[in-house]
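Encoded as structure tokens, the following chain is the form predicted alone, with no partner shown.
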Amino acid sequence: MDVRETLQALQDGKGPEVADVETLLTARGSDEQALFAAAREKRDRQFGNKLYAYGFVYFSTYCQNNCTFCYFRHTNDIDRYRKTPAEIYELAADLKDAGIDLVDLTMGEDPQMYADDYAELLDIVARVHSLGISIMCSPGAVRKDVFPRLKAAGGNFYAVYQETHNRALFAQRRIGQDYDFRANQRKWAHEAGMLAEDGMMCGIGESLRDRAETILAMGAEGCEQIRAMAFVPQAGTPMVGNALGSSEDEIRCIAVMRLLFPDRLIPATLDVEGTEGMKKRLNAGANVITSIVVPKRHLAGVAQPEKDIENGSRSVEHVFSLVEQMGKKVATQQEYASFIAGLQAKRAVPLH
């Protein structure tokens, strides 16, 4: 089947197969616009005109891993920082006061944050929780027993990205890491009553079939949030000479994820193309704006450590203004908290 036939078959209720996803990912021109239109229709039917906005606090750029694509890999000779718990609290408070729905507490796999049985990490989550804002925990891969404690400290979401569900490619890109241990993070988060996010990267050596299989795998995991992000070459990494990942490939992945999994949260990141790319991602069916930051507070991004951070283009005011221009509305913190509370209620299990 071609793209249009595949779109129609899926909209008529056909269960997606790998070949169907591959076909949709080849969409170009008017076929691509039809894909985007179908994705927007699915999103708007599920979520109305509401979008969600996530603030971003990258509070430690130290990491014990050596991922080939990451600027913050352990062996990269760069300036690093750790924000103090007080600084993190102040940054989160700024985001809450600005009307952001969720604070994404992100770090590298920093041994200091893991020390003393994760005491500092748990303290940070608890401090931010005291503000009364929803929290995404993004501290890398941790032990199974940590998840109930993160939930008790106030964590709502747990985000850890596989990047690819091709095991061989995973081994090449996340050197020395255990595929199953990382994949189990999202399972363990669910078992603890938290929500979970998985993500894929476009342009790290994967085939079209790899992308299709990863999209289907992320959906099958039952993660409440799934995402795609284009690869950006980073200075000081083995992949610095590789080609920039295609934002068009990323956007097509977003549209296909929305078409197949209409009830999921799907981000439009500001960390690859800044606000210039936000509208394109929203027009492909995304419904979460991620990586909004507080300017002039010396924070780093992930894909592009300085992209639009200090000039204010990723500020709350600027992003909210663009959303209004698109005829959408950012949900209030209360609306978002109520929405994810409903999702968490489905995941809640007795803790033993």
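Throughout, we count residues from 1 along the sequence that is shown. The model shown is predicted, which means the values in this text are computed figures rather than measured ones.
Unshown form predicted together with a small molecule; subsequent notes refer to it.
Heavy atoms within 4.5 Å of the small molecule in the model of the complex are found in one stretch of 123 to 131, 85 to 93, 231 to 239, 214 to 222, which is 231 to 239. No residue of the trio F36, P262 and G285 has any heavy atom within 4.5 Å of the small molecule in the model of the complex. This chain appears without its partner; in the model of the complex, the one residue of A53, V294, A27, C70 with a heavy atom within 4.5 Å of the small molecule is C70. Scanning Y118, F170, Y161, W188 against the small molecule in the model of the complex with a 4.5 Å heavy atom cut-off leaves one residue, Y161. By the criterion of a heavy atom within 4.5 Å, G140 is counted among the residues contacting the small molecule in the model of the complex.
Looking at V103, you'd find every heavy atom of it more than 4.5 angstroms from the small molecule in the model of the complex.
Contact check for G155: every heavy atom lies farther than 4.5 Å from the small molecule in the model of the complex. Remark: E109 counts among the residues lining the small molecule in the model of the complex, judged by a heavy atom distance of 4.5 Å or less.
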